[in-house]
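Read the single chain below, which is given as structure tokens and is the form predicted alone.
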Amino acid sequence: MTTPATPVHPDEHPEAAIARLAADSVALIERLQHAGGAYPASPTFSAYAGYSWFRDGAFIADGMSAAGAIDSASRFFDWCGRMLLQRRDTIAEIVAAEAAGTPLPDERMLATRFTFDGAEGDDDWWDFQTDGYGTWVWAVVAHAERHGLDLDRWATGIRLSTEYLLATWRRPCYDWWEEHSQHVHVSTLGCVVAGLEAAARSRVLEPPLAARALGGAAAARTLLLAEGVHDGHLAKWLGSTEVDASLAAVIAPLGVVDARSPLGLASIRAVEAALSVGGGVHRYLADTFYGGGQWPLLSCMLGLAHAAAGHRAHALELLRWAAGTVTAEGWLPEQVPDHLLAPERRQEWLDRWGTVATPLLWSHAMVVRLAVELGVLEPLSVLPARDPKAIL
């Protein structure tokens, strides 16, 4: 077990306590990062242990990059590049099948998560999700731009992801939550747009592929705006009238929708009104996973959207709520059982998978990312890697 977090002194300014938690979170993520670069989703949670997700990991890496942990983020992107290179032939087969009008079935698409050493899991999972392949490209390009790094290091992975996204982005797939595979999800389209636009400006694509990436991003954006908007705000999936908290990421940090535009402001208000209670943010109204609790990482996502819109005070309130979910061990959970949407469904998940994932590295990273965005945490020096076992 890790040692308990330093107690908060009664006279300590709330922002100082958050800054300390954010700095501890950077250290925690560094300690738990696998030697090969993968970020474990959660080191002890039964369904996540031993796996790393492109999507979750990309947001973790973006938080680490923003905090100044350059080597940690770079090593995660190295891992992504290796995963893609190992699947070069699979990607080529998928691309060729799509071009021929004979698309492969969903189970032949790239997986959404991999073991640290690069294997697909041998257990059943809701695997076909395209968002991660856009998100990691967006994150690695942002990382290189932030720190003046040479993107040639990740050029092959960026090219392979671009080809894969161009071939598959129109297909329905599972959303961020491994659900609703029959739909095209607006947050997924946002990840695709952000990734293709980043790839196009990365200068590692040959001009024809860069032009195709821009064309694909424009087409995905057009579809998003034409069919993924309801009553002036972003919707959960194409044709839906509901919202999902993942939509906040389309505004910030992805920046696909301008936070200060009418669509951006309306979307922030819609997510806030439907899903935020006291600063804690639910995934979506029909959520039953562990009873449908409130997620610290989603409070931070909504906080980033508010910050981009110029609403610093409200973004800070959301950050304070997220930081307030920390355990005595200094860990942030995936969700907390406050204001449950479906309390009668919580026990079935406890019986199936045990207690909620804690720590969840994505939660820690989003606290870091929002703390940096608001100036609560100054970017840190790169922290030395430590034995991952020391945290357990």
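Numbers follow the displayed sequence, beginning with 1. A quick note: this is a predicted structure, and the numbers were derived from the prediction, not measured.
The following text describes the form predicted in complex with beta-D-glucopyranose, which does not appear among the structures shown.
Trainee: Taking beta-D-glucopyranose in the predicted complex as the reference, which of A41, L32, L340, A66 has a non-hydrogen atom within 4.5 Å?
Mentor: Answer to the contact question: A41.
Trainee: If the cut-off is 4.5 angstroms on heavy atoms, which of these, W176, F128, W237, Y164, is the one near beta-D-glucopyranose in the predicted complex?
Mentor: None of the other options qualify; the answer is W176.
Trainee: Just one stretch in 49-57, 66-74, 340-348, 321-329 has heavy atoms within 4.5 Å of beta-D-glucopyranose in the predicted complex, so which one is it?
Mentor: After filtering at 4.5 Å, what remains is 49-57.
Trainee: Is M366 one of the residues lying within 4.5 Å of beta-D-glucopyranose in the predicted complex, judged by heavy atom distances?
Mentor: No, M366 is distant from the partner.
Trainee: Indicate whether W295 is a 4.5 Å heavy atom neighbour of beta-D-glucopyranose in the predicted complex.
Mentor: W295: yes, in contact with beta-D-glucopyranose in the predicted complex.
Trainee: Spell out, yes or no, whether the shortest heavy atom distance between R221 and beta-D-glucopyranose in the predicted complex is within 4.5 Å.
Mentor: Outside the cut-off, so no.
Trainee: For H282, is any heavy atom within 4.5 Å of beta-D-glucopyranose in the predicted complex, or not?
Mentor: No, H282 is distant from the partner.
Trainee: In sequence order, which positions of 333-357 have a non-hydrogen atom within 4.5 Å of beta-D-glucopyranose in the predicted complex?
Mentor: Heavy-atom contacts within 4.5 Å come from E334 alone.
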